[in-house]
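The chain below stands alone, shown as structure tokens; this is the form predicted alone.
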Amino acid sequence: MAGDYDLVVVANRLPVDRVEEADGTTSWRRSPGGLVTALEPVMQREDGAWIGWAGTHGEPPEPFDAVGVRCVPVGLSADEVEDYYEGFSNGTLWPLYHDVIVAPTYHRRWWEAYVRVNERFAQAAAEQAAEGATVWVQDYQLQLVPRMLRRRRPDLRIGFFNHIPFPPFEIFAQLPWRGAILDGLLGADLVGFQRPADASNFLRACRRAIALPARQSLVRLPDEGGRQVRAASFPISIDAAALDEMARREDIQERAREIRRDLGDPQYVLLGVDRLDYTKGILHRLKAFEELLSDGRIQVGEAALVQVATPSRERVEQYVQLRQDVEVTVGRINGTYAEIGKTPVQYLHHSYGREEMAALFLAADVMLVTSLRDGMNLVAKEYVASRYDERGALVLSEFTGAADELGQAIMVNPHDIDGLKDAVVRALHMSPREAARRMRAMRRRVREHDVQRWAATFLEALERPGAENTEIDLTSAGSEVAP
């Protein structure tokens, strides 16, 4: 039976978090994170429904309206949180898709939970979508949903977007359930990726793992009457105008000045903002900073590094170990180099709201994005969007999707510690004229290719008849891939 919504987003989490108020009542507040930032304005405009997990195990709440969106919770048991989410999604797929920075773990029990939970999400989407609706499935936790949904509702237009990298076939081939994952994704009409290389990797996997004809951007499915699935890159972005407007507010600018005063008014403020994740290169960044202090290329009191590390997956073993390693490293740096009133590293293991983040971006002379592997990295774009003053410098890992677009950043290989150190020093001593020229070009790119354009480009490619055969320019945020 068809539902009421012409646009349905299916994601692992709802766009809101449950908050227990002081009087014992429950309310919902907007969740942090790139996906919510990207899709919230689109959903509000389309009056769509968002299907996702509410964040706690047990029976799900009834559907409700929040932040201008119809929220439809999907329930997970405690065992499913452990096996589907912490297990298969973040213990198997996440490290596999991020170039095996840590070793993936393969458990059949985890896979069975992944299948079961994907079925539940697909059923919820089938119940909410109107006849002929568009359903947009998000990210690696739900790769089986497109096929499961197509079996239930062949009338739907189904899109899938992968927010993280899609690995080369030589890595993807390790996955025991690689054929089932590819079949799940091929239930969609359009499969979107952050970078052209990710789309190419997917097409190659279709050829190698399940022997399907894949030419240029299209996979043909002979068993489905020759139905074609398009794979292309659609680099995700941010609400650049909103961040620019926020950064221009006097209270945000005063808060930025206050942050610098609280740091002891150093000449330079360096900033890192990341989830506490092993893909983000936080330890590489800290090592480079420590060596710059040791070498005397940066003086204590001259520069301060602020590292915001948002808590993430705190029950997963690798994340527990990473937190310990980061905190030991920060403690060693501060213990070795701190002076009274001068602390080299300010380490903040919690999340901040958008206004505080905008103030931090304005306070920072250098933004450090040193990911070892990243689908996009929206923090880099947020920093650029906040710098209405055309000041500041971005040091950006070449292993991020953002590196494809922000070519005026100082590019680094974070594994090359000496190169990273040189890049930091270069950023600190860049002339105001060069900094303004670089920032102006990056701001133009982020402003013209914002989240509204990302969503509109993807949805147009999904819904427009004949879009599979249309060549789209790389600069339009929807690029074809080579054979």
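The first residue of the shown sequence is 1; numbering continues from there. The shown structure was predicted, so the numbers you read here are calculated from the model rather than taken from an experiment.
Unshown form predicted in complex with ligand ADP; subsequent notes refer to it.
Q) Heavy atoms within 4.5 Å of ligand ADP in the predicted complex: which of the stretches 294-302, 352-360, 324-332, 196-204 has them? A) Of the options, only 352-360 has residues within 4.5 Å of the partner.
Q) Taking 4.5 angstroms as the cut-off for heavy atoms, does A129 touch ligand ADP in the predicted complex? A) Outside the cut-off, so no.
Q. Can any non-hydrogen atom of K280 be found within 4.5 angstroms of ligand ADP in the predicted complex?
A. Although ligand ADP is absent here, K280 would touch it in the predicted complex, with heavy atoms inside 4.5 Å.
Q) Though only this chain appears here, would T457 touch ligand ADP in the predicted complex if you measure heavy atom gaps against 4.5 Å? A) Although ligand ADP is absent here, T457 would stay clear of it in the predicted complex, with no heavy atoms inside 4.5 Å.
Q) Hey, in the predicted complex, does R275 get a heavy atom within 4.5 angstroms of ligand ADP? A) Heavy-atom contact with ligand ADP at 4.5 Å: present for R275.
Q | Listed residue (L93, A232, V219, L378) with a non-hydrogen atom within 4.5 angstroms of ligand ADP in the predicted complex | A | Exactly one listed residue reaches within 4.5 Å, namely L378.
**Q.** Position in contact with ligand ADP when the complex is considered in the predicted complex, options E382, D183, D365, E405, heavy atoms within 4.5 Å
**A.** Residue within 4.5 Å of the partner: E382.
Q) What residues of 255-269, in sequence order, lie within 4.5 Å of ligand ADP in the predicted complex by heavy atom? A) Residues within 4.5 Å: none in this stretch.
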